[in-house]
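Here's a solo chain for you in structure tokens, the form predicted on its own.
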């Protein structure tokens, strides 16, 4: 089945859907996006994702998105392509602009796309990378399409048979993954880096904090090697145990804290599609 595409207000055939080569999202990465989990034609936590889309757009200086219109686009692609499990991607860019950093006046481009996705395994391997997240950068905390750094880091992870790369920040504190937040268990207590570390305010991260509970703690990057358990969270991973960090193994993953966090998350998510 082909992906479903909604572009600037209407459904499009995937083979004919086109964005201008002068779109600022393409030329300079001037855009924001959200990835939403879709199951059986329903989007999970869509309201939270739309609110974050608006916050990211404001932080980038883009016009305020019409969230009702974006929600309608999501509903249309979900109806057209009700996959058992999918990745619903909302992209909002600066639109057609000059070839440079200055933004044009044509208005934003809005794309909603839905593709079928594979469910993640129960546990995965991650690696740390030598590049730092800048906790004081202009884009810190925004979910932008400027993803080159993540592409490079994830390629490094794939080279080492891992599915995620974890960053420290400029002061050497544990921060986040390329597309995930990270939690560690130390002395039986669940911890995750605070937003001040430079990490994204992940939707799944927020739900784990609300439903499971964890301490937001500044931690050195090497806490990953001292932890009894590690797990990562994201829209399509939910709560995913980590069985290896670099060459350091965590036998028995998922451990008891991770397993309980996953149990609670699955139970609460099943009870409320838009928490």
Ligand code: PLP
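None of these values were measured; they are calculated from a predicted model. Residue numbers count along the first chain shown, from 1.
The following text describes the form predicted in complex with this ligand, which does not appear among the structures shown.
Heavy atoms within 4.5 Å of this ligand in the predicted bound form belong, among the stretches 183-191, 169-177, 124-132, 78-86, to residues of 169-177.
For residue 240, no non-hydrogen atom is located within 4.5 Å of this ligand in the predicted bound form, even though that partner is not displayed.
Put simply, residue 39 is far from this ligand in the predicted bound form: not one heavy atom of it is within 4.5 Å. A residue is said to contact a partner when one of its heavy atoms sits within 4.5 Å of a partner heavy atom; residue 217 fails this definition for this ligand in the predicted bound form, lying far away. The closest non-hydrogen atom of residue 163 lies beyond 4.5 Å of this ligand in the predicted bound form.
Exactly one listed residue, out of 111, 153, 74, 200, brings a non-hydrogen atom to within 4.5 Å of this ligand in the predicted bound form: 200. Contacts between stretch 52-75 and this ligand, counted in the predicted bound form as any heavy atom lying within 4.5 Å, involve 52 alone.
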